[in-house]
Structure formats: structure tokens, C-alpha cells
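Given as C-alpha cells, the chain that follows is alone and in the form predicted alone.
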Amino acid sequence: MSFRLYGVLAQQSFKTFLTYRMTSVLVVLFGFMFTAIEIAAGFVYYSFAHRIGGLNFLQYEILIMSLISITTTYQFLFVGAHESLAGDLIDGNLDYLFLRPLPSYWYYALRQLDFPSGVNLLVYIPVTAFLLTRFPLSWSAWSLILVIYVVGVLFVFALNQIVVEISFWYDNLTALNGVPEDVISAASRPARIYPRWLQLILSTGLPVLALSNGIVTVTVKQSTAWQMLVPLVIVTVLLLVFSFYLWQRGTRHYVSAN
């Protein structure tokens, strides 16, 4: 997909954002409200202890804000397409997609930006960066943080992409769409509070702990952050390959409703 076409799609998404102004404003406000609750919960937790799971209060807030920044970036870039795939299959809207001489996988995934999430992101990323500046980080540490952030967004995308692609074979399974969000949310705590066996599973098999704890671990020990990044990269690549394979199989299985 060319940058020019992506720019046209972004303009269409922005017009949709303006058309549904009241809904968009409410989505933005609820996004900030839920984030404020997560931050306020940190004040409650740390009123009982100075360190939880090896992290102080500031590091805990970095964990929360970095994870929210990653998931909100995913929402800004991809959630519009993921929310509409099941309906598009039933309505036969994919017909128009396959008529275009473009890679359908990435065209569909990138065709709709969620601008309310983009507004939230304009606050979350600077706040996360500000919290990180409270620690003396080298350029290599900042580069590592950037890599974890980008890979984390791709990981969340691939995980959700696989779940929504089940709609090619089964109708009315949209309830599964919330499963990746629930799994990621369940891992949004310091890694050391989980049992060792669960840490191992959530760091290697399904590395959601690397997603939530990876960036804040850079402020603690960079070598540990690298160890968390490796399985995250490997699993993300495998998920992307598998989601692309499922898309190819699904589009061959797809029958037009028109």
C-alpha cells in the first residue's frame, strides 16, 4: 500500500471521526477515565508498601502507561478493521476489497484509523516518555524501549487478527474478540507477583508479561529487558505468519453474499 493511498484512507477515517463527534468525544473521555482509574489504583496499592514486585511507585506507573500506550496505538491503527470484519463477511463487503489490485491482508488491516484513540495517544505517549525521563537512560536504552514498543503493537495486532479471522468459518463468535484484551489486562501487573510457573508461561509461550513489563524493566536492568524481548519477537513473528496463513485460507473459504 502506498503512502498516498494510506493518506486518503486516513482522511476518510478523520471525516468519520468528525461526523460522529459526540460519540467520538465520549470515547475519548471514557478512555481517559479508565486510564485515570488505573493510575489512581497505583496510589492505593503503594499506600500499603513502598515496593511491589520489585517496582517502586514511579516504575509501576511507567508499567501501566507503557502498556496503555501500546494497546492504544494498536486501537488507533487496527481496531476499526478488526471490529468490522465479522459484519463485512456477512454483508458481503469483502467483494470490493478483492477487486482492488492490493495485498488484501494489509489493506483491510490498515484501511480505518480510530481517531478517538489517536487523541488519547497524544497524551499517553508524552506522559510515558516524561515518566521514563525520571531515570538516567542511555540512547541504547531508549532504542530498546522503542523496539519493545513497536514489537508490542505488532504482537497485539497479530493476536487480535487471529481471533477475528475465525469469523471466516464461524458466525456470531464476536464474543471472542475481547479475549486478547482480557489476557493482556490480566498481565498488567509487576511480573514478580505471579508464580514462577505462570511467569514462565506468560514470558515465553504467550509473552504478555514482556508486553506489560518490558519497557519498565529497562529502568531496572537492561539485560533482563533484552531477555524478555527475544521471546516477544519470536512469538510475534510466528503469530503474524499464522495470521497471514489464516487470512489466505479464509479468503479462499469466503463466499460472496451478493
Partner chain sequence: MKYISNLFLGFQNSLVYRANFLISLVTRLLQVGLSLLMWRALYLESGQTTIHGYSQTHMMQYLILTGLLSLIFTFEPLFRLARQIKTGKISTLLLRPINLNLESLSNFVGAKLILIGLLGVLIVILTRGYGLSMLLILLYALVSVALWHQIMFLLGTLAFWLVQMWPLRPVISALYLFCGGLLFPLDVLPTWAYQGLRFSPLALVSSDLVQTVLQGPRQPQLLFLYLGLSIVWLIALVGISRWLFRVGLHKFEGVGV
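All of these numbers come straight from a predicted model, not from anything done at the bench. Residue numbers count along the first chain shown, from 1.
The next section is about a form of this same protein that is not shown, the form predicted together with the partner chain.
Asks: May I ask you to check whether residue 45 falls inside a 4.5 Å heavy atom distance of the partner chain in the predicted bound form?
Replies: Yes - in the predicted bound form, heavy atoms of residue 45 and the partner chain come within 4.5 Å of each other.
Asks: Any of the heavy atoms of residue 83 lying within 4.5 Å of the partner chain in the predicted bound form?
Replies: Residue 83: yes, in contact with the partner chain in the predicted bound form.
Asks: Please determine whether residue 20 contacts the partner chain in the predicted bound form, using a 4.5 Å cut-off between heavy atoms.
Replies: Judged by the heavy-atom cut-off of 4.5 Å, residue 20 is in contact with the partner chain in the predicted bound form.
Asks: Might residue 75 be said to contact the partner chain in the predicted bound form, defining contact as any heavy atom within 4.5 Å?
Replies: It does: once the partner chain is placed as it appears in the predicted bound form, residue 75 has a heavy atom within 4.5 Å of it.
Asks: For the spot marked by 124, 149 and 222, is every residue within 4.5 Å of the partner chain in the predicted bound form through some heavy atom?
Replies: No, the whole trio is out of contact, none within 4.5 Å by any heavy atom.
Asks: Though the partner chain is not shown, can you say which of 230, 26, 58, 200 has a heavy atom within 4.5 Å of it in the predicted bound form?
Replies: Of the candidates 230, 26, 58, 200, 26 is the one lying within 4.5 Å of the partner chain in the predicted bound form.
Asks: Can you work out which of 119, 110, 154, 79 has a heavy atom no more than 4.5 Å from the partner chain in the predicted bound form?
Replies: Flagged contact: 79.
Asks: Look at the stretches 130-138, 154-162, 179-187, 98-106 and give the one with heavy atoms within 4.5 Å of the partner chain in the predicted bound form.
Replies: Careful reading of the contacts points to 179-187.
Asks: Within 4.5 Å of the partner chain in the predicted bound form, which residues of 43-60 have a heavy atom? Give them in sequence order, or say none.
Replies: Those in contact are 44, 45, 48, 49, 51, 52, 53, 54, 60.
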